[in-house]
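Heads up, the chain below is alone and in the form predicted alone; it's given as structure tokens.
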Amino acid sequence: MADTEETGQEQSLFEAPPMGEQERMVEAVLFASADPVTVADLTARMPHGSDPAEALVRLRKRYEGRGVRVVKVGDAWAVRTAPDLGFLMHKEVVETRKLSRAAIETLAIIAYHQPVTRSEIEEIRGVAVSRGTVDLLIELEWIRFGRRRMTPGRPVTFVVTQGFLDHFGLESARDLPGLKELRAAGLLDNRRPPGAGLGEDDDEDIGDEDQEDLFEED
């Protein structure tokens, strides 16, 4: 009992910083961090009694209409360039290669149907999915292994990562574009029906040693 009272007295000696100061602390951490930061991370860093969740709400509002904004990425937070100013950053990014159509289709299926197994991906695409395609997406940290299905064989499932959401500026998978937008982008066109034969260009022929072929040169 005495220990409890003593602890309570110690905690009462330290008041939480003013909310304005808490906003500055959150702002500093977000700007200094290369990866999105969770509320739990902020709580562990900030003085006792701080309310980083409230500070984030206030900070997000303060950055509305500015060149950068405070955005939610999954269950974490980050400072990112305003979407309408993204064109200013083009000179800072060098894009020499892009994902192959097979990799893009596989990624899109996982994003829209997660958690999804390899066999389910193949059923939707109508062609086999090479190990190289999946390995590449895992290496990019855009997908990860999910829970195993409670079905015969207990197949592993795949889900998208927080890194995927961050890269595409999404708060959650619910913010993915609709099917019309995907068709307009050409991601759902010319798909073979389930059971169709594999063509010579399909990724079933891609081995681990040919992972570079998963990229197409510009």
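When you see a residue number, it is the position in the sequence shown, counting from 1. Keep in mind the model is a prediction, meaning the values are calculated, not measured.
One more form of this protein should be noted, the form predicted in complex with another copy of the chain, which is absent from this view; the next part is about it.
ask   = Is residue 99 close enough to touch another copy of the chain in the predicted complex, meaning at least one heavy atom pair within 4.5 Å?
value = Looking in the predicted complex, residue contacts with another copy of the chain include residue 99, since a heavy atom lies within 4.5 Å.
query = Taking 4.5 angstroms as the cut-off for heavy atoms, does residue 81 touch another copy of the chain in the predicted complex?
reply = Residue 81 belongs to the contact set for another copy of the chain.
query = Would residue 59 count as touching another copy of the chain in the predicted complex under a 4.5 Å heavy atom rule?
reply = Taking the distances in the predicted complex, the answer for residue 59 is yes, it comes within 4.5 Å of another copy of the chain.
query = According to a 4.5 angstroms non-hydrogen atom cut-off, is residue 48 in contact with another copy of the chain in the predicted complex?
reply = Judged by the heavy-atom cut-off of 4.5 Å, residue 48 is well away from another copy of the chain in the predicted complex.
request  = Enumerate the residues of 40 to 73 that have a non-hydrogen atom within 4.5 Å of another copy of the chain in the predicted complex, in sequence order, or give none.
outcome  = Residues within 4.5 Å: 41, 45, 46, 59, 62, 63, 65, 66, 67, 68.
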